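The chain that follows stands alone, in the form predicted alone, written as structure tokens.
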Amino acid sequence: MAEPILEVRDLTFSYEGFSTPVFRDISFSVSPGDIFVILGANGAGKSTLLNCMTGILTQYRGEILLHGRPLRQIPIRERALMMGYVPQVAVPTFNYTVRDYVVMGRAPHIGLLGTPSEEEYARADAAIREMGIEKLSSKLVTRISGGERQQVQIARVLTQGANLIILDEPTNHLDFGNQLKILDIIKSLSEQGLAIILTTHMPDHAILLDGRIGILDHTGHMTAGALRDVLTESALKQLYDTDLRLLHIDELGRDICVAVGRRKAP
């Protein structure tokens, strides 16, 4: 079995001045080729958890190990060589072209005063092709839609070359077709040996990715494990306070999550 890239051990986090933790005693790990989906309702603490794993928030209790080393002890630039992060919302303020913005993912490899080489631009172009956004390459990153910008963000992280990619609701702002495209790309990246951690509030996305899952509930507790063990109707009903059903569709060869319809008043 491959050594874990990231390990989270008994992680607990509270914001300063608040006694109640956002989450507590969370443990899981990801190894090369793993997909770990963090499922939770809005406000459950998913983004806060990611911010701890990426080093944005540091006042947590417990341990986060990146390649066996405590995350707090790894310098930011070295961390960026191993871990890429796509936030839920990123709004560029400078009028870079998409191609120039994507190549900035190579910054940890180039250095503070360096400039991208032809090889760096070739990596950026390859990531743009992999995302299928070649038509955006020469457009200004400030003049594209939010959904297009999300795809550009993922291309930038691919250019970075890290073996762990963390994504905060990567299908947010995307239409249905592009949501499926991003999920297909995530599966492809895991098949290439990358480890993927992502958050979502859509059970069907977890089903389509068919990896491991952690359900983060409103009390800050996470139940983590294999998809078929953790993603149950009772867990979903409790998480979303809605009558949800998991139905197996033979034609698709998988389950789908559906809400039970309400009868209209006569």
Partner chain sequence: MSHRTKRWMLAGFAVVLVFVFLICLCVGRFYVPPLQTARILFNCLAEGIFHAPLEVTWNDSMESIILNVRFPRLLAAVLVGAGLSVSGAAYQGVFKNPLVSPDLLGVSAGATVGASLAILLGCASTLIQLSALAGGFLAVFITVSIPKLFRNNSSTMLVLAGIIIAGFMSSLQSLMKYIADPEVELSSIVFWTMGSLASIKMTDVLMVAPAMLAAFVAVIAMRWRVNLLSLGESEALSLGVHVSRVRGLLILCSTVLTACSVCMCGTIGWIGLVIPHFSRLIIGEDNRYMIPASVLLGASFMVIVDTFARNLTGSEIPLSIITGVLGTPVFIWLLKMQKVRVQ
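Rigid core here is just the name for the largest C-alpha set that superposes within 1.5 Å across the two forms. Numbering follows the first chain given and starts at 1. As the structure is a computational prediction, the values presented were derived from the model and not from experiment.
Another form exists, predicted in complex with the partner chain; not displayed. Remarks below refer to it.
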query: Full three-residue contact with the partner chain in the model of the complex, heavy atom 4.5 Å, for Pro203, Arg212 and Leu246; finding: no
query: Heavy atom contact within 4.5 Å of the partner chain in the model of the complex, the stretch among 103-111, 127-135, 185-193, 170-178; finding: 103-111
query: Close approach of Gln151 to the partner chain in the model of the complex, 4.5 Å, heavy atom; finding: no
query: Any non-hydrogen atom of Glu251 within 4.5 angstroms of the partner chain in the model of the complex; finding: no
query: Contact flag, Lys139 vs the partner chain in the model of the complex, heavy atom cut 4.5 Å; finding: no
query: Heavy atom of Gln73 within 4.5 Å of the partner chain in the model of the complex; finding: no
query: Any residue of 56-94 that, in the model of the complex, places a heavy atom within 4.5 Å of the partner chain; finding: Ile56, Ile76, Arg77, Arg79, Ala80, Met83, Tyr85, Pro87, Pro92, Thr93, Phe94
query: Core-superposed C-alpha of Ser117 shifting 2 Å or more between the shown form and the other one; finding: yes
query: Change in CA distance between Leu174 and Val89 in the model of the complex, which is 3 Å or more, as closer or farther; finding: closer
query: Outcome for the Cα pair Val89, Asn178 in the model of the complex, compared with this form (closer or farther; change of 3 Å or more); finding: closer
